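Form predicted alone, single chain, as structure tokens, below.
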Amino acid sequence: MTRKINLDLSSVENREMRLGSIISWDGSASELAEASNYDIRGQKRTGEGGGCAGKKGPGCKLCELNMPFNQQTMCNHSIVGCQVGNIPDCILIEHSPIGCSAIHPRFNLGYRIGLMRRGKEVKNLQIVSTNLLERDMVFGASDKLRRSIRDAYERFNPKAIFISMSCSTAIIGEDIESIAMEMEGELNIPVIPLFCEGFRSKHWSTGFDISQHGVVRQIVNKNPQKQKDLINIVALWGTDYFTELLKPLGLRVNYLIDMASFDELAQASEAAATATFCHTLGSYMATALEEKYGVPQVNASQPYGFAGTDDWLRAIAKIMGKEEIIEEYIASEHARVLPKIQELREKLKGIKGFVSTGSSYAHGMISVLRELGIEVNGSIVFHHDPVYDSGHTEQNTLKHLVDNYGDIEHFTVSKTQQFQFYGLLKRVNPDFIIIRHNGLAPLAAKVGIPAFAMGDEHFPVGYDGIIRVGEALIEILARKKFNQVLQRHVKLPYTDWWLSQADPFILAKHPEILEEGKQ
């Protein structure tokens, strides 16, 4: 089998190069699914098939709109901070100016809440910055990094130390890999270089891959003793709903990598399978574990709505040899939750929703809304992967959404751009939005639309997730009057000309407008 993940290298190929990911697109969900050409790309990932599958060709290119500027964004370096920075008994050293750590108070809040959700000791992040100054940019800062590693080891006694590259240290060519090897020999613990400079990739999701690459390469047990009842779940900070969902199959959950200890990460190679709540997040690690240690990944969509959860459980049961009990379990769960879901469908009749989240998570979230009978004819995903690292067609979450729940007329790819959000909402006029990156929520509130900030990403998972979302939305919709009052008393910071535009991507299609505006 062709290897898709090269663990011999310390760096990770960017998503846009590896998967063809895009950050700007506008059309329907079915059009994007067709243009993505997942099956052909999947064959290329696995080295099977011919034509585009074996070489670059016209079928391999997914065109995107070229926006002339970004209003704001996150970066890979920041994502690494909220991934390996959330391992309780390890340390992350950010080899960067202190400004790159400005988001840590927010990450610390999420970390503490995540530890509470998992029933672990609540404490603060343990991230150290080398605090690069002007003279460091001129003369280099390798000795400063060595000193920071030794200080962190003496103060915190960590089981591993990660080093994250920043834009600044990449520009001056700091050799963090050689220093990591040197310090690993001195301290006798893994010292892991992560090449996550912010300008490396145009979308922050590459930071997930870089974090997972470092964990699989230098922490995971290289001589695993298999645990037949252990299943990896690649996750973020969400509540532990997976234990209850998988208990009838006799499985123990091993969450990766936020909030996991060094030992929990190490045993990832010993698990019977790897699954995730979101293929955008989990596909890289699942594929690396499958290729390197033979841990099979769950070849199914995601556990959202009846169709997704059914397929996901069946795929796990097949790996575990539990096929004789799974249909009875699924039928009993349907019978248990359906009366409550039907009650919620009556209460939510005629409601229109809008989803604004990460890529494959949005596919699952829309499935849940449509299970509740909610109309969804608009959505933003923050980027789009036309294929996931596994290349398995069963994981094509966008096609699964369209095939099982119908098309979405306005399905937009846009990287949290405030200035576009008004036009995107105006053309579908939803009753509420569901959002993962909360920076967009205030704009929705100012135009009279209540926002459901999905802080706990596991909230919609499984059959009970449909009920949880439905009940939460009834509370969210009760706030609509407040947002309508707010709308009457605020003014958006955009010109009347921009607010009157029907096409949120007009600047990509006619960039000359910007030049004309300067005259």
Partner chain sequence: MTEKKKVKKSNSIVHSRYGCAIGAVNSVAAIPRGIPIANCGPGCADKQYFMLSFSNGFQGAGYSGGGALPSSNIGENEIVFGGQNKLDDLIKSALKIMDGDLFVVLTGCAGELIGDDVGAVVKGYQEKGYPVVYAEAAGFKGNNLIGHEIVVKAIIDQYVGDYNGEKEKGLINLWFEVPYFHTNWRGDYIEIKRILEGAGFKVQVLFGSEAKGPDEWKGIPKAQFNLVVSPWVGLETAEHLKEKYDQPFLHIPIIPIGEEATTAFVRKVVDFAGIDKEKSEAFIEEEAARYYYFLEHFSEFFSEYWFGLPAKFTTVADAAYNLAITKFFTDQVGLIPVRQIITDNTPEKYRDRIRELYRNISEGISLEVDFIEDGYQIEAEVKKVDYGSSVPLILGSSWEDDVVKELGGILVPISTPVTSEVVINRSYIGYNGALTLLEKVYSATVK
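Positions refer to the first chain, counted from 1. Predicted, not measured: the structure shown is a model, and the values here were computed from it.
One more form of this protein should be noted, the form predicted in complex with the partner chain, which is absent from this view; the next part is about it.
Residue G198 is the only one of G358, P190, P386, G198 with a heavy atom lying within 4.5 Å of the partner chain in the predicted complex. Between the options R217, H104, H392, R436, the residue in contact with the partner chain in the predicted complex by a heavy atom within 4.5 angstroms is H104.
Remark: G350 does not count among the residues lining the partner chain in the predicted complex, judged by a heavy atom distance of 4.5 Å or less.
The shortest heavy atom separation between L133 and the partner chain in the predicted complex is within 4.5 Å.
Shown alone here, Q484 lies farther than 4.5 Å from the partner chain in the predicted complex, counting heavy atoms only.
Contact between H279 and the partner chain in the predicted complex is not found at the 4.5 Å heavy atom cutoff. For the partner chain in the predicted complex, the listed stretch (293 to 301, 174 to 182, 367 to 375, 152 to 160) containing residues with heavy atoms inside 4.5 Å is 152 to 160. Of the residues in 86 to 117, those that come within 4.5 Å of the partner chain in the predicted complex through at least one heavy atom are, in sequence order, P97, I98, G99, C100, S101, A102, I103, H104, P105, R106, N108, L109, R112.
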